[in-house]
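Take a look at the structure tokens below, where one protein chain is shown in two forms, each on its own, as structure 1 and structure 2.
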Structure 1
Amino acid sequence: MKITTRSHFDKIFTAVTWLTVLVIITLLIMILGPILSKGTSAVIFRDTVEFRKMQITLFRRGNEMKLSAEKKQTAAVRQKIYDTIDDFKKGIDTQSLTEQVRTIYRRCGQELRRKDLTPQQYTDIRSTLKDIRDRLEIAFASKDKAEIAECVTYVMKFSGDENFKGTSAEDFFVIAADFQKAAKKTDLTKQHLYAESVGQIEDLLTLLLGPRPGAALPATAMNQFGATRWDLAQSILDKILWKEQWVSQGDGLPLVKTRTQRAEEFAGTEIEPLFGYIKDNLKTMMKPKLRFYWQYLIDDSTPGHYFGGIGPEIIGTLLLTLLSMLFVIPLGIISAAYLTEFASDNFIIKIIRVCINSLAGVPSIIFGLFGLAFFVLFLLPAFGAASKPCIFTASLTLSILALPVMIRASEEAIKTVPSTYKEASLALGAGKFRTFISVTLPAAMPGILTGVILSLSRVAGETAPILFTGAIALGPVPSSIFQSTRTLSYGSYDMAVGDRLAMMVPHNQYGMVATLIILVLCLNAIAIVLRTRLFKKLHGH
């Protein structure tokens, strides 16, 4: 080959390697970038006053004095929204008005029976009440303003009646007056549309501001607070201001999404200015603040991870990883030592090697099922313990999974130790064991630590093997290794498959995944630092 062609080939080779490096870097950025950046949003974000309320109620964290001042400020602004909607609803929510009127009528009937009246008086008053009720119902059902006015005037005639003083019947007149006032302002033909849209707005307001003051507290924490994050609050505001609809373009054509302003829909009503009001006062109502929520890493969460942190998950992952490393490292080194130093290279050893290598390729769920069958269902009862999945069985299962990697890496490391080292030691009269412990093992340590790093990363992130042997979706923080635990990997899996939660709180899922990645990196960093130190020591620097 000519010199020039050779140099061309060299250049091409260099270019290709550079290209590969670039591809790898882009891939890393593409994969890790979004995970880490979205994961950071679990810790650094703009919170709202609802978040601070949640922190105090659920985690006893925060300044109660400051919060109550903030609550007061926000409550005043919020109350105006509720009042406007309530006023408006008096004119449109005819169904509930009808029901109210009926309840009042029934109550009045009972009150009458308790009064000291002649039968004639009783019948008279009763029939008047019934008359009032029927008139009001007609008014509620009517779309004609004149008819409503007529009915209400008829009802109001009785407002001064001595017979009704101090009875529930007085409520009739309040409702009637309110309704007439509201009916004058609203377009009665749109009543039905209004009612539906107001219902939607009320639901959205509950999402934004939490349950109304004075309303019964919902059973689950996720419904007890409004939007805890500023970005969420803004997206809900958008839904309040704009109504999305899918409109037909004609037969056989897909529908198109249209956005109409809700304010337009309510044009001319007393609710119309409300939209501008909510938009202008969103900041006053929510009080956004930039927050560094580092407690995410130590807090427990509400069941299902809607609120709170991932403390127990981190503890569980660390426990499982370190405990399984305790099993893996000695076992791995001893097996590798046997395979390289002591076993003769016969047929059986070859088979063992092949088995170890193929074990490395077995799917992790198989290890999980094996762990369940062997450790949980056989080993624990054999030692008289209850056959319940726990940290102990989970870490044993994980260590079997990591063992082949560990053995292979240690074997290679031990093989690379120059035979002159060993020969020198043996020549000085040291035995095989002594030589291995004091010469070969220290020299092979950096390579063995590489094996530790590889198996550590594998163990920390595995989900399938611990699914049946010790991981749980929900439970207390373990106080012994004979209890099951939550872990980061299983937690993010659980969020992804079971509930709508991953859709509702994506930052929590990303936070968990990002923490797992960072945790593995940290554990690796420790091993790498150890390796460098050992390496330096060995080479006498």
Structure 2
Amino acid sequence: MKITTRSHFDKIFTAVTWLTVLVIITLLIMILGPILSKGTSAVIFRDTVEFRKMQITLFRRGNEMKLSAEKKQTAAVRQKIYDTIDDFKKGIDTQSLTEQVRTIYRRCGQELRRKDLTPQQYTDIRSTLKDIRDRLEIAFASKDKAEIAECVTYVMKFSGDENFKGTSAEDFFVIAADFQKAAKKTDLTKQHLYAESVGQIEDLLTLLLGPRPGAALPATAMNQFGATRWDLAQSILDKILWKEQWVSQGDGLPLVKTRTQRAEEFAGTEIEPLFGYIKDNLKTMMKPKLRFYWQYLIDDSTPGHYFGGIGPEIIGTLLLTLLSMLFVIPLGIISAAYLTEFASDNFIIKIIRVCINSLAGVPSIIFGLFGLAFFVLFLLPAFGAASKPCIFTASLTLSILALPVMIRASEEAIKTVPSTYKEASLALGAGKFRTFISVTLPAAMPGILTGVILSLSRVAGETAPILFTGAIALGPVPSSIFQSTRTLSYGSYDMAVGDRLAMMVPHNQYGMVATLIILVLCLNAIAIVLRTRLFKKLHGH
């Protein structure tokens, strides 16, 4: 081959190599960049007054005096929203109004029985109350404003009756007056549409602002607070301002999502200006502030990972990883030493090597099922322990998973040790075992550490092997290795496929995945530093 041609081939090869490296770096940035970026938002974000309420209530963390002042500042702005909706509902929520007048009628009957009335007086007053109730129900069911006015006028003529003074019947007249006032401003033909939309708006306001003042506190933590993050608050605001619907485009055609302004839906009503009011006063109601929530890495989480951090998941991942490596490293090195230094290269050893290589390619779920059948259902009961998944069985399963990689890496590292090292040691009178411990193993240690790094990365990030052998989605921090634990990998899996509530807070999922990646990188970095220092020491630097 001519020198010129060879030079061209070398340049092409170099260019392809650089292009490959560039593609790998680009792919890593494309994959890891968004994960790490969005994962950072779990720690650094703009919180709201609802977040500060949650921190004090659930974690006893924060300044209660400052929070009390902020709650007073936001209360007045929020109350105007509630009052506007309540006033508007007086003209559209006819079912609730009907229930109210029926309740008042029953209460009035009980009050009449306690009064000193003759049978005839009781019958007359009771009949009048029934007439008032029926007229109000007719008004609530009517779409005709004239008929409503006639019914309300009939009811109101009893408002000065001495028989009803100081009784629950006075509530009839308050409801009648409010309903007539609201009905005058409302298109009665749209009552059902208004009622449905107002119900949606109230649900969204609960997500944004939390439970209404005076309302019973929900049992679950996620319903006790409003939007704890500014980005979440803005997302809910968008749903309040815009109504999304899936509209049919014709037979056989797919549905199309449309967005319409809710203000247009309530045009001409007293609730129309409310949307602009909420938009203009969102910051006043939520009080956003920049937050560095480092406690995310130590806090426990509420059910569904809706609030809180990932402290137990980090502890569980470290426990599983380190305990697995305690099994993997000695077993891997001993196995590799036997295969390379002490066993002859016969047929059985070749079969063993084929089996080890095959195990390295077995799907991880198979190891999980093996761990369940052998460690959980057989080994623990055989030693008198309870047959249940725990950290110990999960660690053993992960070590079986990583062992083939560790053995192969250690074998290759031991084979690279120059034979002259061993020959010199043997010539000085050392035995094979002492030669291996004193000469071969230290010289092969940088390569063995490479196997440790590969094993560490796989153990820390695996999910399938621990599904049945020791991982749980929710539970306390384990106090022994014979309890189940939460892990970052299993928590990410659970949030991705099994927890609908967690999908409502994607920053927690990204935060968990990003933490897992950073944790693996940190463990690898420690191993790489150790390997580098050992390499320099062996070469006399």
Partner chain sequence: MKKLIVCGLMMLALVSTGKVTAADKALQIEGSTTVGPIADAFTESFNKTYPDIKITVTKNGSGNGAAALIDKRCDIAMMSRFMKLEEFTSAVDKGVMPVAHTIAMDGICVIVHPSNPVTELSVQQIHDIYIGKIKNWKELGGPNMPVVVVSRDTSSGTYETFDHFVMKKVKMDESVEYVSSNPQVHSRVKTTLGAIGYVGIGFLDAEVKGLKVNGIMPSKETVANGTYPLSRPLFLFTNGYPELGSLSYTFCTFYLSEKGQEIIEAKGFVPVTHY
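Sequence positions of structure 1, starting at 1, serve as the residue numbers. Here, rigid core means the biggest group of C-alpha atoms that superpose within 1.5 Å across both forms. Quantities reported herein were computed from a predicted structural model and do not represent experimental measurements.
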Between the pair I just shared, point out the form predicted on its own. 2
Does Phe392 move appreciably between the two structures, meaning a CA displacement of 2 Å or more on the superposed rigid core? no
Just checking, between the two structures and with the core aligned, does Trp246 shift 2 Å or more at the CA? yes
Rigid core superposition, Gln180 Cα moves 2 angstroms or more between the two structures: yes
Hey, core superposed, how many Å does Thr258 shift at the CA between the two structures? 4.5
Cα displacement of Glu137 between the two structures, once the rigid core is superposed (Å): 2.6
